[in-house]
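In the block that follows, a single chain appears as structure tokens, in the form predicted alone.
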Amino acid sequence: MAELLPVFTACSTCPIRHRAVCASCDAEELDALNGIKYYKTYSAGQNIALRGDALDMVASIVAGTASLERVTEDGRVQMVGLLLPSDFIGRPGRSGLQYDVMAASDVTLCCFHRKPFEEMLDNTPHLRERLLEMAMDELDAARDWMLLLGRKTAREKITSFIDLIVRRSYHPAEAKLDQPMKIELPISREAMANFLGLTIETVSRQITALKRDGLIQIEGKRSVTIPDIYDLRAETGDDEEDVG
């Protein structure tokens, strides 16, 4: 059984309301979405969807983290992406996925049966435009990930990953960049190594080095405090305009 996660019922109080596919919807459109949505929970390690299988739903992640994975010809599993709260699963107009979707932690999804959602897209420009915007953001993220894997050092990969989680954990209007920022790493060090193309030993060494250099503070296995986000972003290897 999945860990008991917060129960969500009203779109107006949903924690991803201003970032998800419904972000641009007005009150009437939200009421329509309310009428066709339902929630599902998954335990860490559980399959959410498998490549090639029929997928009769689309969904937004409300809580938790999922991974996108592909199995290579020799049986190795490669993580090719992370899905964090507000990210969207599924493609309107397509009945399947190109990747396996796995629950990296306990996950809550806000789900819509695919056909009713597609019908609503046809009649709801705000929903359609927001979905296109999210698709473009996903494309940009994929290009950034290619840069991260191909060009960045191990230290730059780790700091870029931490910064990614910071950006997704704080609403831009509420983030206080001049104060320490605290996050929970959504995946294990082993999963980070898979995602970043490193060994688990390298991940551990780099995290220890960042801690020694005062760029992060660690409590337990997953809790990380960043005393100065600007100092951390200076280590990501990105241009100033990219990390500001």
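All values derive from a computational prediction rather than experimental measurement. Numbering starts at 1 and follows the sequence shown.
The same protein also has a form predicted together with a further copy of the same chain, omitted here; what follows describes it.
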property	result
Contact at Arg70, Arg128 and Leu139 by a further copy of the same chain in the predicted complex, all three, heavy atom at most 4.5 Å	yes
Contacting member of Cys111, Val166, Leu84, Leu97, with respect to a further copy of the same chain in the predicted complex [4.5 Å, heavy atom]	Leu97
Distance check, Ala49 to a further copy of the same chain in the predicted complex, heavy atom within 4.5 Å	no
Phe161, heavy atom within 4.5 angstroms of a further copy of the same chain in the predicted complex	no
Partner contact for Ala193 in the predicted complex: a further copy of the same chain, 4.5 angstroms, heavy atom	yes
Interface membership of Glu156, a further copy of the same chain in the predicted complex, 4.5 Å heavy atom rule	yes
a further copy of the same chain in the predicted complex: contacting segment from 23-31, 214-222, 55-63, 196-204, heavy atom within 4.5 Å	196-204
Sequence-ordered list of residues in 135-151 near a further copy of the same chain in the predicted complex, where near means a heavy atom within 4.5 Å	Ala135, Met136, Asp137, Glu138, Leu139, Asp140, Ala142, Arg143, Asp144, Trp145, Met146, Leu147, Leu149, Gly150, Arg151
